[in-house]
Ligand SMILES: Cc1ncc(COP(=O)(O)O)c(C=O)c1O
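Taking the form predicted on its own, here's one chain by itself in C-alpha cells.
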C-alpha cells in the first residue's frame, strides 16, 4: 500500500515549498536554464504499477518542476498579458482548494456561491456596468467571449422568432458578425464554437492603432453581432464603443466588448475615459488573472440581458438542486462542475478596495510609459501610442528584431514576447504585474538596450 504522510506534514511541506518559490521570485532569473528544461524529461516514464509515497511525489514536483518554470510571478515578466497573483489571492486559492467546493448550485455550496455573487456585483459597480448585468465566472477570456456571444446568439435569434437553443442553426436566418481587422483570435474561436463559422465574419478596417472607425460601419440589416475591443492586445488601444453602439444598436444589433485586460481601465479614474460609452454595450468579457492579479484560471463574462445568458447556459436534471431563491452559478456558465474561482476575485477586491485597484492599474501604465521613454531615448522606435500598459518596439528588420528578442529571453533579466503589428515584427512589452517597480523597469531597460546594441547579436538568427 502507498505510504501516506500525515496530512498536516504533507500540506505544510507543500506550503513551505510554495512560500520559498514566491519569496525567491523577485531575484530569480525569469527564464529557466537549459539544464532545468532538459531535466523535465524525468517526468516522462511509464505509469508505476504501484504508487509511491505522497511526500516523494511532492519532492519530485519541486525538485524537477520548480527550476523549469518561467518566472511569470516575478516583477520582470512582460510576455503576453499575465498578472503575478497577489499574495492574498494565492492564500485564498490555497484555502479554496482545501475546501474543494464544486460551485454549481447555491444550496450545496452556499459560501462560495455567495462570494461569487458578491464579487460579481462589486465588479459591475467597479466597471460602471448596468445594474441589471449578470455574470459568469469562467476559465478565461476565451470562454468569457464564448459565453457572451452565446447569449448574443440567443437574443438576436429570439428577436426574429427563432429558438436557437431548441432548433439549432440548420435552417436558421443568417447572422451578420462584424469584427475589426485586429480582433483577438479568441473571439474568432468563440464564433467557430458557436457554429457560425470562423470565416463567415465580416472584417472591418482599423486605424494605425487597431481601432474600428464607426464612420465605416456597414448598414445593419437582420440579426447582427458587433465585436469590439477594450485594449488591443498589441497596442492597448480602445475601439470607440460608445459611437459604435450609437450607430448599430438602433437597428437591433448586439454589441460585445472583448476587454480581456482593457476593461480594467474603467476602474481607474485617470483612465476611465478610455471606456467612455462602453456601458451602452450588451456584453463584456474580461480576465481576473490578468490585471486583477489572481491565480489562473479566472475569466468573467458580463451580460446585460441575464435571461439571454441563462437561457444559453442553464442546465436541468432530476438529480440537480436547481430550485433556489438564490442565484445558481451553473445557470450562467458553460461548465456544471468547476472550482470556486470567484473566491480569489473576492479576496483581491476585498484586499485592494476601489482605490487599490485604481492605483495598481495606474502604476502599471506609468511603468509602461517609462519603458517607452527609455527605449525611444536609446534610439529604438516605439510603434504605438502608449495609452495603457502595452509597448511595441522595433529593432530594425524582422531578422534582427527576432534575434534580439531571442537574446533578451535567454538573458533572463526580463521576458518580452515577439509579435507582428500591421506587417512589422516587433517586441511587445505588457506591464500588468502588481509587484513591478520602477527599478524593475530600469533593470529591464538596461538589459534590453545592452543586448539590442551589442555587436554579438547575430542578425541572421
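Numbering follows the first chain given and starts at 1. Source: prediction; values computed, not measured.
Another form exists, predicted in complex with this ligand; not displayed. Remarks below refer to it.
Original post:
Counting only heavy atoms and a 4.5 Å cut-off, does this ligand in the model of the complex sit next to every one of 140, 231 and 261?
Top reply: So, yes: the whole triplet contacts this ligand.
Original post:
Does this ligand get within 4.5 angstroms of any non-hydrogen atom of residue 287 in the model of the complex?
Top reply: Looking in the model of the complex, residue contacts with this ligand include residue 287, since a heavy atom lies within 4.5 Å.
Original post:
Taking heavy atoms only, is residue 279 within 4.5 angstroms of this ligand in the model of the complex?
Top reply: Heavy-atom contact with this ligand at 4.5 Å: absent for residue 279.
Subject >> Proximity of residue 89 to this ligand in the model of the complex, heavy atoms at 4.5 Å >> reply: No.
Subject >> Proximity of residue 81 to this ligand in the model of the complex, heavy atoms at 4.5 Å >> reply: Answer yes; at least one heavy atom of residue 81 falls within 4.5 Å of this ligand in the model of the complex.
Original post:
Want to guess which of 252-260, 166-174, 217-225, 366-374 is within 4.5 Å of this ligand in the model of the complex, heavy atoms only?
Top reply: The contacting stretch is 252-260.
**OP:** Report the residue, out of 184, 304, 153, 339, that has at least one non-hydrogen atom within 4.5 angstroms of this ligand in the model of the complex.
**Re:** Only one listed residue qualifies here, and that residue is 184.
**OP:** Sequence order please: the residues of 145-160 with a heavy atom within 4.5 Å of this ligand in the model of the complex.
**Re:** Contacting residue: only 145.
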